[in-house]
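In structure tokens, one chain follows: the form predicted alone.
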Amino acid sequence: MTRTLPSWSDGPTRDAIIAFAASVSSGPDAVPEAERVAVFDNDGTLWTEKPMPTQLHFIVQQWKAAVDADPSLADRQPYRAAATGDLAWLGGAIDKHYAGDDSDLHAMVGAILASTAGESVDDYEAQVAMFYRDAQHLTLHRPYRFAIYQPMIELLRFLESHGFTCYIVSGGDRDFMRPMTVEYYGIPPERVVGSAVGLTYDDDARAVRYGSTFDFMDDGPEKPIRIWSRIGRRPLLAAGNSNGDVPMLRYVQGHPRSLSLLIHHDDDGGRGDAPYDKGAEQALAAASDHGFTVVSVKRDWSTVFPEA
């Protein structure tokens, strides 16, 4: 007989997940299947986000190409960091965002907008698909499809077997995730909620194109708003790993039967997952008060990544 959640270690966390799924999907007080919705952050929750988020790896390649075409760009950030391989500046900009300082993030967003303005969504999708086909994780040195967290993939399938519909709700770019979510997670693109650049319609070319402004950043308090606007239901389960996920983890608790999972990257790194608390300090500090179930990578996952 196949063991339930085989990459999860025996213990209270695994027991809580199994008991929760059973309680809402069986018996006379089961939650109607249509209401069984689960939402998952992506970076740091479904796959690794260190030494920098995967999308940033892709964007850095674009910025390097822009510097090659116009060397004067290297005089300012984030092009300078991309050209010199300064991962510390790039990663620091993300850490500063989670700490509430978006000074460097604004420069990055401006460069992102410049790289996609006027491009069709179809051309962008093709570029991203090529990246996923060829690129490798910067420190694991394996394709990104093997940098996903095996226990979380098992959790997606386990919930689906109990009648849940699972969504990705991420601060990452919606259109950067969509080309890989079916293959990596078994989640179709229409169930991907993320940050987005504004769009325009080109009637002559019959094409949807990216504009020159940012539409919204799907992080922090924006996550519950986007969940409601896109899904129209309050989820029963949410999983995240950072300060920006706290509003989403709290939002599901408005349902009388809910489970909020906070992934804690506390392993020693020997299994490939970099240990870190930065960007999750507030979430971890509030976990007990808010009733979050903290998932310890070290304690609760017997396996971290799928075999390459």
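What you see is a predicted model, and the numbers here were worked out from it, not measured in a lab. From 1 onward, residues are counted along the sequence shown.
Just so it is clear, the following notes concern the form predicted together with a further copy of the same chain, a form of the same protein that is not shown.
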item	value
Option touching a further copy of the same chain, based on a heavy atom within 4.5 Å in the model of the complex, out of 137, 162, 97, 178	178
Among the candidates 130, 87, 225, 109, the residue which, in the model of the complex, approaches a further copy of the same chain to within 4.5 Å (heavy atoms)	225
Candidate stretches 75-83, 181-189, 139-147, 99-107, one within 4.5 Å of a further copy of the same chain in the model of the complex by heavy atom	181-189
a further copy of the same chain contact at residue 32 in the model of the complex, heavy atom, 4.5 Å	no
Residue contact check: residue 232 to a further copy of the same chain in the model of the complex, 4.5 Å heavy atom	yes
Touches a further copy of the same chain in the model of the complex: residue 211 (any heavy atom, 4.5 Å)	no
Partner proximity in the model of the complex: residue 113 to a further copy of the same chain, non-hydrogen atom cutoff 4.5 Å	no
Output flag, 10, 47 and 91 jointly within 4.5 Å of a further copy of the same chain in the model of the complex, heavy atom basis	no
Residues within stretch 111-145 having a non-hydrogen atom within 4.5 Å of a further copy of the same chain in the model of the complex	121, 122, 125
